[in-house]
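Before any questions on how it binds or moves, here is one chain, the form predicted on its own, in structure tokens.
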């Protein structure tokens, strides 16, 4: 029997760990640490730092290379194939390092529930016949870190908010009837595809980390600024993780 804990670790600041997260990591027999390539060494360095600061010496740490997602082909098909490859790597490492069963932990950037596929990948292990029980420890999301950094509420007064992806924003435009939209997983400034009139944007990159960078203002003014800064930061760090919230004053419910 494998007890698999998916542990949300926040957005880059070790202080974001909850006591429940620290307990779950220390209860593990094995913690798997993904390596995402030379350009993203900051991400595994953070996980190593958390383990050094918060995890007992008797917990075994094993690093593995995360499979790369194919760039050609239909999007959802590529993602499903990628998830299958990751699940196989998880299964191989668990079998090699915990053959008799036990507790395994994986540290999830942000929270396992919000635009993260760790839960879907974990269910593939069950589908493949592994005897796995899944436990989820929630963490601070990049969306929470963004609104806290800008000192704003997520939604307008009594109004809804939509959380979507850059790919969908670019393909579908502004969601109908929603005044505020939070956008994650945007690889290429999808906000530039929108008519900018009446739209405010709150953007953040590397939230919670020493390199945190924030920009706020009218989309018409800030879109080119964000594009330039995003390119500069990505070149400097080799990777970028950013998120933004927008408000459309032309839609009822924006104020507040």
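Quantities reported herein were computed from a predicted structural model and do not represent experimental measurements. Positions refer to the first chain, counted from 1.
The form predicted together with another copy of the chain is left out here; the points below concern that form.
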Problem set entry | another copy of the chain contact in the predicted complex: residue 246, any heavy atom under 4.5 Å | no
Problem set entry | Contact flag, residue 238 vs another copy of the chain in the predicted complex, heavy atom cut 4.5 Å | no
Exercise. Does at least one non-hydrogen atom of residue 164 fall within 4.5 angstroms of another copy of the chain in the predicted complex?
Worked result: yes
Problem set entry | Partner proximity in the predicted complex: residue 57 to another copy of the chain, non-hydrogen atom cutoff 4.5 Å | no
Seminar exercise, completed: From 85, 98, 79, 91: within 4.5 Å of another copy of the chain in the predicted complex by heavy atoms is 79
For this session: May I ask you to list the residues of 173-198 that have any heavy atom within 4.5 angstroms of another copy of the chain in the predicted complex, in sequence order?
Result: 176, 178
